[in-house]
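Here we start with a single chain on its own, the form predicted on its own, put down as structure tokens.
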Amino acid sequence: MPETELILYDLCAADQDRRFSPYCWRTKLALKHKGLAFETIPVSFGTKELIDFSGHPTVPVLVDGSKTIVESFDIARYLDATYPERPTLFGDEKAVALARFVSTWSETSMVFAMLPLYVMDIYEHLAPEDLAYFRETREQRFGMTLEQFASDSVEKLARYRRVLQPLRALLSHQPFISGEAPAYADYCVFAFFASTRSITSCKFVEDADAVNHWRLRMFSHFDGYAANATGYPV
């Protein structure tokens, strides 16, 4: 049977090979899990008109033939429903509910503690024409300058590592969030490590941390797909 090829619109920095959207990384890992061939099209903040056709303002945008799907979690659900003969991302509806909880935790508690540690790295990797947009929109969101948001990095790194304690406790008992093998819940969290690696050398976790051991297992998954992407050392 011929391979299916899908098109994914994927956020990039000034260097188009640096892909720093965790939500796009979730989709790429989901596609790898399903064993589906796909092509990525880089989209910067300044070229968002490339996804105007989707009616959605942000990536990821996945095109599968005549269908366009947006939002990373919805894309994962679509892939499982459309390609049921391929490895499942969830397993059953109970697993979907648990993965949604993990997704929500990573998007709130985890990312809000993590973002101050690398927001300036994002800024420094953007194309010159994207800098004003990024600064204006993020400073409006944060209610302060980027520099203020990123200050006190030592204290904020310690706070971020404390936020990881539920994940650390879980991974002290099993190799992956989903159990003996990774599934979509793992991709929801790991996507933040894969995306940040493209633009920062920040050491988010200690070497001996159970989260780090899991992180390295995830980087080696799919024949090192995430580890081989353009970025700083794993």
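Start at 1 with the first residue shown and count on from there. Since the structure is predicted, the reported quantities are computational estimates derived from the model, not experimental observations.
A second form of this protein, the form predicted in complex with a further copy of the same chain, is not displayed here; the remarks below concern that form.
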Are all three residues 47, 116 and 141 in contact with a further copy of the same chain in the predicted bound form, where contact means a non-hydrogen atom within 4.5 Å? no
Pick from 40, 58, 68, 178: which has a non-hydrogen atom within 4.5 Å of a further copy of the same chain in the predicted bound form? 178
So which of 199, 62, 29, 167 reaches within 4.5 angstroms of a further copy of the same chain in the predicted bound form, heavy atom to heavy atom? 167
Would you mind picking out the stretch of 131-139, 117-125, 104-112, 146-154 that comes within 4.5 angstroms of a further copy of the same chain in the predicted bound form, counting non-hydrogen atoms? 104-112
Contact flag, residue 77 vs a further copy of the same chain in the predicted bound form, heavy atom cut 4.5 Å: no
Is residue 83 a contact residue for a further copy of the same chain in the predicted bound form, using a 4.5 Å heavy atom cut-off? no
Applying a 4.5 Å heavy atom distance criterion, does residue 191 contact a further copy of the same chain in the predicted bound form? no
Within a 4.5 Å heavy atom cut-off, is residue 97 in contact with a further copy of the same chain in the predicted bound form? yes
